[in-house]
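Below you will find one chain, with nothing else, as structure tokens; this is the form predicted on its own, and questions on how it binds or moves follow later.
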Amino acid sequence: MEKTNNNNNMNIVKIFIAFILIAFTLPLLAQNLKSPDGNLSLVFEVKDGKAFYQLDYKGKAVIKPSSLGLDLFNDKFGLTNGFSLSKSESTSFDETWTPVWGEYKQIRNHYNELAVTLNQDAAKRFIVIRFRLFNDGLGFRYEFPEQPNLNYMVVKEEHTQFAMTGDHKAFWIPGDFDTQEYDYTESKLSEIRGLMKAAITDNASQTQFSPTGVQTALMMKTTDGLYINLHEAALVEYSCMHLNLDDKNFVFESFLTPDVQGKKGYLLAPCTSPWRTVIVSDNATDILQSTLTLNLNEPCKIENTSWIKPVKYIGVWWEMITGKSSWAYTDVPSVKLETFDYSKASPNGKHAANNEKVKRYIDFAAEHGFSQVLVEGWNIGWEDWFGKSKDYVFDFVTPYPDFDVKMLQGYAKSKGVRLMMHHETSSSVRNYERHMDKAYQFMVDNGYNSVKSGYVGDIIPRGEYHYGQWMVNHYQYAIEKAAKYKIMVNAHEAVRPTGLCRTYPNLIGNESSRGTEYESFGGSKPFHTTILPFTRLIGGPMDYTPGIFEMDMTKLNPDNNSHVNSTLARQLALYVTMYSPLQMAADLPENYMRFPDAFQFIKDVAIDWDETRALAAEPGDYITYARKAKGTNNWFIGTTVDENGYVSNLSFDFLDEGKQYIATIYADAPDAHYKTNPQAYQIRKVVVNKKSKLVQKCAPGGGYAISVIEVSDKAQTKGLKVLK
């Protein structure tokens, strides 16, 4: 009997040990993670040596099981299979941080994290995949710890998948390696291949890419009402990611920008990839208010940020864009800077950046409260700057004979205004870097504290792309170098932003998209500005250069038949809907003086905010924002709509209880239309409070803007109607 009992006891011990082993083994087979609010759930597992993840939102599948990994050159194992899950760590994080500038006074960074360590026994190495699940979405990245068998890596391709659940509606532009300056196409995923040729006809850079390749940020909507956004965050020392679509199975896979040799990236451990992001909600306004991209970037690395200030500016720019004037001083067809004598050259009479004109812009800025004046075409070299594969194009310090740097800077200073520098590199990047210290010091010596840089044309060295790792490193170099000189950077034609403005807030703006200039190059689709906040602006603010009041370009240049596809009221709304701490009043001063009552909104609207609310939105149709100006109780509201028009139902319930405000409404007139009657608008003032509601009709391609100013004295409201 005793022996039998001993055997039973041994069996019980064995069963107990087995349960212990199962308990420790099962979590390594499938890992689960939930967002802090419980609405998002992630499952990660390794099956047959491959890593997979999937994502659900409120019980609905967002990303079906999708594989992860990378291929490397000269590496027989690669990093796509042969994995086993060796370790899993879960943590939570919750902090509140204060941006230097932004849409919010403070931002909460709250997530649950899962870090999985994957062993690749055959190669005797390991990698880490880190997942962060926020209430607004998912971020994950690859991490390559320092180790003997994973040191130098040359990336052949990254194979991160995003398996969609169906044939979603998508708002996309082609996966071009050199430009984002496309109009968006709205279609089903299954229609992308058929529509791609038409999409690339307009302004394609002749880059080779997949017939189903698209750029991020990619915005989608499912048939059951989920809004999904795919993008990346913290793009540093890595190639920009595009997405190739398997349009039979609706699976996106990452496709990195190559270099001239077809290689996708050069890595040295320890290092990480950028974060791959999935923002998701059943409400479109949540996508617009997501702070996930910023939160996945490192905190600010600039110790003293007191010199970084939002800027509202005007500029000697639009008249060159429309063809009314010229960047170049002469019409000489070929200029070699080292030997050409501009003092003996004949001016062409169209050069815009001349002393008298710039002084008039300075006067206008001072009179109307603009802090800076951008001047393009001030420096020698514009005669044959584009398309000639010239390495030494500009020196960034030598002005044309009719532009007196010292005089103009002194004149601007006397008026309380600064000039904004312009550095067009013509994509001769080596030339810019060899001149950069001298150019930035020239700015400091002459009172400039901000620069608009440009990268028009094919990259030199030849064969590199704007969105490859080589150029990503350059843009970062320029930002960090500028910070040492206390200079703010507004980079045009650069790689699309991925939230790095949190880490380097002197990156005060970017273009990196199809901006207002294209309204003078044939026009953009009327729904363009209803999509950009869901796509381009997910990564950071854009220098969209709004505020065009004259829509008929023949009025500026008889040879330009373009038409700005917007009403005047919508141009005002863009100062609210197109977020940027860098906002330009882009039109000519004389056009603003034709409509001084409408121009008042541009003068009044803030450029830094304590609070932002997306009140209503549907990508491709309409967007309404309300923003509270920094340090005040004043709000500004903007609505932009597509070519079909829209009736906006606005509630003022975001206002403070018990307070009254004067709302000045800048709206489309009843007969306004972006094509036939774009300058028809009406302005009215009413008294509003927390209970007020407004029904406002928006014209096709139109919108409205509202300034909501707190009333300190009831006498101010005398004679004004109270909006119920």
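The structure presented is a predicted model; accordingly, all values stated were derived computationally and were not measured. Don't overthink the numbering: it's just position in the shown sequence, from 1.
There is another form of the same protein, the form predicted together with a further copy of the same chain; it is not shown, and what comes next is about it.
The partner is not drawn, yet in the model of the complex one stretch among 446 to 454, 291 to 299, 151 to 159, 250 to 258 has residues with heavy atoms inside 4.5 Å of a further copy of the same chain: 151 to 159. Contact with a further copy of the same chain in the model of the complex, defined as a heavy atom within 4.5 Å, is made by none of L42, F140 and R496. For the options T165, S371, N473, N633, the one in contact with a further copy of the same chain in the model of the complex, meaning a heavy atom within 4.5 Å, is N473. The contact with a further copy of the same chain in the model of the complex, taken as any heavy atom within 4.5 Å, belongs to L268 out of M407, A198, M593, L268. a further copy of the same chain is not drawn, but in the model of the complex it has a heavy atom within 4.5 Å of E433. When contacts are judged by a 4.5 Å heavy atom cut-off, P461 counts as touching a further copy of the same chain in the model of the complex. Not displayed here, a further copy of the same chain is kept clear of K555 by more than 4.5 Å at the level of heavy atoms in the model of the complex. Using a 4.5 angstroms limit between non-hydrogen atoms, Y477 touches a further copy of the same chain in the model of the complex. Looking at 311 to 347, the residues that come within 4.5 Å of a further copy of the same chain in the model of the complex, counting any heavy atom, are P333, S334, V335, K336.
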